[in-house]
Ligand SMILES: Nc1ncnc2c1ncn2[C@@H]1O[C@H](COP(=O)(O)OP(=O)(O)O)[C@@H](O)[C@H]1O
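What follows is one chain in structure tokens, specifically the form predicted alone.
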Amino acid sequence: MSTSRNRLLDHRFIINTGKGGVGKTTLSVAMAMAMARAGRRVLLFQFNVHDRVGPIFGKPPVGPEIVELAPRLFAVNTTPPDAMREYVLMTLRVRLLYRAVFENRTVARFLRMIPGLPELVMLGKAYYHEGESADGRPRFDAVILDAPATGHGMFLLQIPRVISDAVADGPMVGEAHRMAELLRDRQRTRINLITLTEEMPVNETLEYQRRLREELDIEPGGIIANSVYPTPFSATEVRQLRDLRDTLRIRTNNNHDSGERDLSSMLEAALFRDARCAMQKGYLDRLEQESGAPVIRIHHRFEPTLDAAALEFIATELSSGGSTS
């Protein structure tokens, strides 16, 4: 087992977060597949989203009840009301009391107005499943959180510490304190900051890392650069492509040969791809220099749709620790 793989997949509580649209869900599902393929029972935990994961496995959209998508791969898509109901029933253990109090419209409206309570109970459900046991052993070997996008994700991670610092006593305070401890436990928990190699996601990733360290005393486990294009040409090949492109430019200015125009367009596309790879490398270098952490690269998949087969390729890459060069 490689060191890179240890860092990526060997924790019990994995939180994947980052700017919206960077592929958090894709990588979370692929990580879960990689772990399940290695023989671990893993729970993919989503936060109140329009589910796209179930249909990938030929199943209905994932809802608030835990379902098995594939052997050893389970998923749940929790909502604040469902998380609140489960938390209260686990605490009170009296269903009639829950219905009488918490399903009362006035009480429900009041609970919705408490800042941070929905996030706390949803995170609390994930925390519960991380420590859940069955027949004397953990029910799940790992829980992977497909966390909300950066701003809301930061708020989610702040809530346990805010509650435990602000409120003096009570069962929720004890839960919040234990959740905050779990988030800081680098043996059990890994927080991955997922990004694309573009200016806005990179800026947001570095800012998120700074805030986690300074405001929450949490050291992120690492940065994962998603959808990195593999470099297609050597430096010598790029020079040759440019020379041929320049030669064809001169020739196509003097004639109207459609074949040469098509070849010229293909050369421009190849050189554009090389320029895009160079730009990505610049952002990858910046991430490593400014974050002080290795950046795991996950290569772009050139499939028209993201299906289970495409996710298997990404899972294989994650199993080997991705690429750090």
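As the structure is a prediction and not an experimental result, all values here were calculated from the model. Residue positions are given as counts along the sequence shown, with the first one as 1.
Form predicted together with this ligand: not shown, discussed below.
- Segments offered: 272 to 280, 292 to 300, 60 to 68, 32 to 40. Contacting this ligand in the predicted complex at heavy atom distances within 4.5 Å is 292 to 300.
- Contact annotation: of the candidates Ser227, Thr79, Gln158, Thr189, the single residue with a non-hydrogen atom within 4.5 angstroms of this ligand in the predicted complex is Ser227.
- Proximity of Leu9 to this ligand in the predicted complex: non-hydrogen atoms within 4.5 Å are absent; the residue sits far from the partner.
- Heavy atoms of Val22 reach within 4.5 Å of this ligand in the predicted complex, making it an interface residue.
- Using a 4.5 angstroms limit between non-hydrogen atoms, Arg261 is distant from this ligand in the predicted complex.
- At a distance threshold of 4.5 angstroms between non-hydrogen atoms, Ile314 is in contact with this ligand in the predicted complex.
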